[in-house]
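Take a look at this one chain, the form predicted on its own, written out in structure tokens.
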Amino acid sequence: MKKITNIIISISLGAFLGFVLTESQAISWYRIQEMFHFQSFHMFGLLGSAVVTGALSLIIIKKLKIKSMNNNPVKLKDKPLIWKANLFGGILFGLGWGLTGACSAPLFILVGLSWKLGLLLLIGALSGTFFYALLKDKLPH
């Protein structure tokens, strides 16, 4: 029963996030192009508010010692800074984002809105992830 409740909560939160991203125009190709051309503050404000919300949420989770849905303590692991990987990965992500006008969450929203382009972009993103997994061990560390 608890598993079904967790699934319902997850689907509800995902649908709410999709609604918020759609209504805030985060899936709009034009808004994303405005951001990359520094023509509008809209997306910077949206992304900045998401970062602040995430940071405040993590502070609250730590202070109140809130547990995960599986009743495990929430632990954050430090990730080592690998500047080349971060730089080139960020450039590739940014290029894909700029060319397609969509990052990971909006891809699923575009598919959900019955956009054929959304499905094509999702297949491209999943293909890129698959090829990275194949090449990961061959890449320099």
Partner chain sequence: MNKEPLAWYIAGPMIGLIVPLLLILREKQFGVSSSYRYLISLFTKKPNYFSYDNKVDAWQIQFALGLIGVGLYYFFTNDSDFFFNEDLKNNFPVDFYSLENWFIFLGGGFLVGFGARYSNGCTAGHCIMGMSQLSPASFIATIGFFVGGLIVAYFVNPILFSY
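Keep in mind that what you see is a predicted model, and the values were worked out from it rather than measured. Basically, rigid core = biggest C-alpha set you can superpose within 1.5 Å across the two forms. Positions refer to the first chain, counted from 1.
Keep in mind that the form predicted in complex with the partner chain is not shown, yet the notes after this line are about it.
Although the partner is absent here, K63 sits far enough away that none of its heavy atoms falls within 4.5 Å of the partner chain in the predicted bound form. Contacts to the partner chain in the predicted bound form (heavy atom within 4.5 Å) from stretch 2-31: N6, I7, I9, S10, I11, L13, G14, A15, F16, L17, G18, F19, V20, L21, T22, E23, S24, Q25, I27, S28, W29, Y30, R31. In this overlay on the rigid core, N72 has a C-alpha that sits 2 Å or more away from its partner position between the shown form and the other one. The gap between the Cα atoms of L64 and I7 is larger in the predicted bound form, by no less than 3 Å, than in this form. With a change of no less than 3 Å, the CA-CA distance between M69 and A105 is larger in the predicted bound form than in the form shown.
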